[in-house]
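In the form predicted on its own, a lone chain appears below as structure tokens.
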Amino acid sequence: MDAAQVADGSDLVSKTLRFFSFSDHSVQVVVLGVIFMGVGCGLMGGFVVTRKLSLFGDTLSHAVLPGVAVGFLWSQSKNSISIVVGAMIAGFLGVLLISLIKKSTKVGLDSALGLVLSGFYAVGICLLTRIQKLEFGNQSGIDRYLFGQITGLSAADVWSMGISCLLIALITTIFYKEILVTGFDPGFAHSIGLPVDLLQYLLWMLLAFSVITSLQVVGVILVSALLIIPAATASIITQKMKALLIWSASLGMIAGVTGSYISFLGSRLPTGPLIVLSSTLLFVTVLFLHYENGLFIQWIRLRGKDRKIALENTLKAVYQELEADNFFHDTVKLGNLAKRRRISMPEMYQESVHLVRKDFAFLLRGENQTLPSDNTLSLTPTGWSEACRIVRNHRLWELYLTNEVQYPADHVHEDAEKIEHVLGDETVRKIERILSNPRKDPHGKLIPSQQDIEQGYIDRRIAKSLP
């Protein structure tokens, strides 16, 4: 390791300690700002995503841009109050216009959202272009609201973000049930006398607050991502609304701090895009690795399930081969098993090895050791019990469908092939009681009894006790 690498490593450590010690005033302002932003956008994003109004959040974030420009022209400075007021008015007009278009025309909600988004954003861009040509335009810093620039965040901005976050948290807590009902079942909400329209406008107002106070951090273009991505990530983790809101707010906060930290480490790295990228990374991680719903975890489970089904099908095939020989022998040739399973010899050999590893069978070499098909398989007591169990499930289900559901006997096999792997012991016992403990399936074949299954375990225990 050369001196440059050592210097880079020590610089990384010093910057990390400096950031997480929160000793710098600028770091304190930034961290507080992104925490308030993450919590506020996360809470509102939970309602936006669950109501399938993601495009509405995007529309509102673009619709406030003309208000930002007008507020600046009014005060001729980057006055937070005038800009917030202008943005609020523009957001309210955008929401009102969407509502009017939807109610008074046949234009759908998605089309109305697209119209308002593109129209208001175009007006905002024109106004910003005009501002840049004014005498005070170059020093205005108004472009920060378009692309975001967290270095320009002031203590007053953090106060406004904190108030907005507190307001969102209080109102969503107090009116949580009412907002939930009006969002998921407006008809029922009307029937019990809830002011559906008022609560809807209240939610939109809170959404506007979260958008406006986040503009200076991530800008108009990216603020909708902070509404959607943390909530979408939370929806993978949980389906309960309260837990979803908590997860969404937490993930928004984590993404905000992470993006700010990475930006602090680098030189001239844009904080807003890094926050969005951090949020996206969290989404991708949860999407693939969540212990219940992650795609990769589900793939592993599915692969394990497929292996289990293949193993049980092989045990069933062994039982059927022994049954075809009237149980005269206790070994089965792999070649015969491959034909019954309709798989290749290499696949059959791999499955037999899997049975041996599970202690379900012994693999014995045939007389002609050059032919794998001459190898034979012999079940252990545990393997015999498992084979009896799976055959019993299959044949009981066939008989149940034939007797109770009136399936034709020649149509029950495929259905039984699927259900035999998931029938639990309790369900099997119920089926046996319904069918009065039958001994034969619809095709006249014997159904293995519970004693047949237990005998395998007994033989296993006896074998283990022998010296």
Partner chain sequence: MNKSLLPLEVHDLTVSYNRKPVLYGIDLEIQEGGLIGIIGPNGAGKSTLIKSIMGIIPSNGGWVKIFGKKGKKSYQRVGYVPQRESVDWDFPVSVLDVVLMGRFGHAGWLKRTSKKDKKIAHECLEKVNMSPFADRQIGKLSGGQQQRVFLARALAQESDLYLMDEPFAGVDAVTENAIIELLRELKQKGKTLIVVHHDLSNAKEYFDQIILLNMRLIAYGDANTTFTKDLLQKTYGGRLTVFTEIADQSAKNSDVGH
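Here the structure is a predicted model, which means the values were calculated and not measured. Residue numbers count along the first chain shown, from 1.
Keep in mind that the form predicted together with the partner chain is not shown, yet the notes after this line are about it.
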Non-hydrogen atom within 4.5 angstroms of the partner chain in the model of the complex for each of 378, 381 and 424:
no
Tell me which of 44-52, 438-446, 395-403, 413-421 has residues with heavy atoms within 4.5 angstroms of the partner chain in the model of the complex?
44-52
Can any non-hydrogen atom of residue 285 be found within 4.5 angstroms of the partner chain in the model of the complex?
no
Can you check whether residue 195 is within 4.5 Å of the partner chain in the model of the complex, heavy atom basis?
yes
Could you tell me if residue 169 has a non-hydrogen atom within 4.5 Å of the partner chain in the model of the complex?
no
Is there a heavy atom of residue 239 lying 4.5 Å or less from a heavy atom of the partner chain in the model of the complex?
yes
Option touching the partner chain, based on a heavy atom within 4.5 Å in the model of the complex, out of 190, 301, 307, 329:
190
Exactly one of 181, 345, 205, 89 comes within 4.5 Å of the partner chain in the model of the complex through a heavy atom, and that residue is 181
